[in-house]
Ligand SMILES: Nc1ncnc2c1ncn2[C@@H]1O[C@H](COP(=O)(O)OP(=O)(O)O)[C@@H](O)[C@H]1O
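In structure tokens, the next block holds one chain alone, the form predicted on its own.
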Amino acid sequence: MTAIYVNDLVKEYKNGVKALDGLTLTVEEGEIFSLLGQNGAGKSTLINVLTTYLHPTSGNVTMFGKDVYREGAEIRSKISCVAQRTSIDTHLSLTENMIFQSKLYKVSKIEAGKRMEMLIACFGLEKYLKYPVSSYSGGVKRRLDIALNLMSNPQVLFLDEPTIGMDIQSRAAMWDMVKKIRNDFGTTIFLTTHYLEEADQLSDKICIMKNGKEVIQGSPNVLREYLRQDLLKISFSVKKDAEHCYECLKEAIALKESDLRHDKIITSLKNGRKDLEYTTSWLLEHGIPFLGIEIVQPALEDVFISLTGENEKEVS
């Protein structure tokens, strides 16, 4: 069943800015759907439209077959949104926060108690019960915030950059949690993320936006197949060496600005192994210090850069 259907969606603000320009996308029930795009692509506007905070200029949006605007009150009872800023009240205890959330959604006392007990166990929050919420780390607060938003048993959970600011270990733990929510509760998850690797690891489907439109959507594998060609990757020990090589090498093999990526140069192959052999010889002849050179298959980052022109690994 289709959970979210967006058709030819337009949102133009009073100042003339068109944040969404004919956007169309489909999210199936029970999948993790990730939205990627540069700053100004329209991601935040889309989230605000889907969660009924903004009314579009034109177009159609339905959730589980119901019109988001004509039946907005019913839709709001079926969704939850975890924003970048947590909704936790640090003056309340962990359980008081969860009980308060259940009352907002008019969950019965008996059902709220059962659900709170299950979520505390599911999210590994038992050991934090005796500590004040204000003392929790950012990662634990994020886990609690997601648990709060599951108290109403939503059919769709919106997660707006849930791992921003987290270290690698906390981010990996959050990925496991997001998968668990989908697998154990059957919740449809609509995710915006700042990290391409995160979208690649988590998503059943990804939509890349640019200038208020979708430029491509599909599974991570389908997106990687978009380029349909292998790439040449040259690795260096430090970014400075990559930059120096880029300036010298771009005259020899016509590199683009987006081919320079941190401490690597990654560019499309025109003539397969001939390009590899030529570039290797050129590097050795010119005494360029490099760690390695190889032919690799395209990653999600390569697709994103190809479609948007954004040459940073992290996007927003």
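Treat the numbers as computed from the prediction; the structure is a model and nothing was measured. All residue numbers are counted from 1 along the displayed sequence. By rigid core we mean the largest C-alpha set that fits within 1.5 Å across both forms.
Absent from the display: the form predicted together with the ligand. The rest refers to it.
With the partner omitted from this view, the residue of M63, L249, A41, I32 that lies near the ligand in the predicted complex is A41 [heavy atom within 4.5 Å].
Put simply, V17 is close to the ligand in the predicted complex: some heavy atom of it is within 4.5 Å. Proximity of T45 to the ligand in the predicted complex falls within the 4.5 Å heavy atom cutoff.
Across the options 65-73, 277-285, 258-266, 33-41, residues that bring heavy atoms within 4.5 Å of the ligand in the predicted complex belong to 33-41. In a rigid-core overlay of the protein, I295 has its C-alpha displaced by under 2 Å between the shown form and the other one.
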